[in-house]
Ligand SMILES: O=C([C@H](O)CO)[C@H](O)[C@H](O)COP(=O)(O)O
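Only one chain is included here, represented as structure tokens and corresponding to the form predicted alone.
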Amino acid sequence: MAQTQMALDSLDFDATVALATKVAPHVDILEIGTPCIKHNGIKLLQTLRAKFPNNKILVDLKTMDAGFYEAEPFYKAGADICTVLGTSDIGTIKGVIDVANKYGKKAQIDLINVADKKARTQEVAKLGAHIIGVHTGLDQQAAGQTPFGDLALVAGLNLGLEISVAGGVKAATTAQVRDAGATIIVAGAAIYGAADPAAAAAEITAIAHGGSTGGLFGWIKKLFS
């Protein structure tokens, strides 16, 4: 089973709240995307936290410096998870992990553009990282890249960390991502670009939670269930 996370990427404050209202009952985690949080600020987090007490909220800060100092106000305002770039200094990453622990929350280390993903994952695991983000960015997706190779690498390390996967995931690939080791599956355009975002979110969550399986693992599971 994996949790689902909906990426809220619009710059429009009211449109973001309206979309969150539609999908919140059908996903586990609401993500305030990087452009969205930069444009709208901490007020949006406070609004979503008040409206959706039953959802976890991730703030995709992509912190690059001053980890503790930058992330603390967002944890104080109700964020459950904040992200820090894996390409940042190890002291920056430690700062976000430390402040997450201070508030009983989680820090996610985003591996986007990290050259040696194996070494960095092992390094941050020793620091107490909670979540590793396997992230194929929009520009990388446009160039034809997918997150599956990186997911296999990170999952194969067996470090006991949660693994979040983002990068063009849709209903048709959700079971594959889940069965490959993801514990958090991030969907953006597959939900907000759908004619019925609530229905799209519900479909992806049903699969992520185990409602559909694929590949050899799924065949074996079906055979013995």
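Note that residue numbering begins at 1 and tracks the sequence as displayed. All values derive from a computational prediction rather than experimental measurement.
Just so you know, the form predicted in complex with this ligand exists too; it's not on screen, but the next bit is about it.
**Student:** From the candidate stretches 32-40, 45-53, 194-202, 152-160, select the single one in contact with this ligand in the predicted bound form, where contact means a heavy atom within 4.5 Å.
**Tutor:** That would be stretch 32-40.
**Student:** Within 4.5 Å of this ligand in the predicted bound form, heavy atoms considered, which of Q122, N101, Q141, N113?
**Tutor:** Residue within 4.5 Å of the partner: Q141.
**Student:** Considering V186, V59, V27, A182, which brings a non-hydrogen atom within 4.5 Å of this ligand in the predicted bound form?
**Tutor:** Selected option: V186.
**Student:** Taking any heavy atom pair closer than or equal to 4.5 Å as contact, tell me whether V177 reaches this ligand in the predicted bound form.
**Tutor:** Residue-level check for V177: no, no contact with this ligand.
**Student:** T136: heavy atom within 4.5 Å of this ligand in the predicted bound form?
**Tutor:** Result yes; T136 sits at the interface with this ligand in the predicted bound form.
**Student:** If you look in the predicted bound form, which residues in 1-23 sit within 4.5 Å of this ligand (heavy atoms)?
**Tutor:** In sequence order, A7, D9 come within 4.5 Å of the partner.
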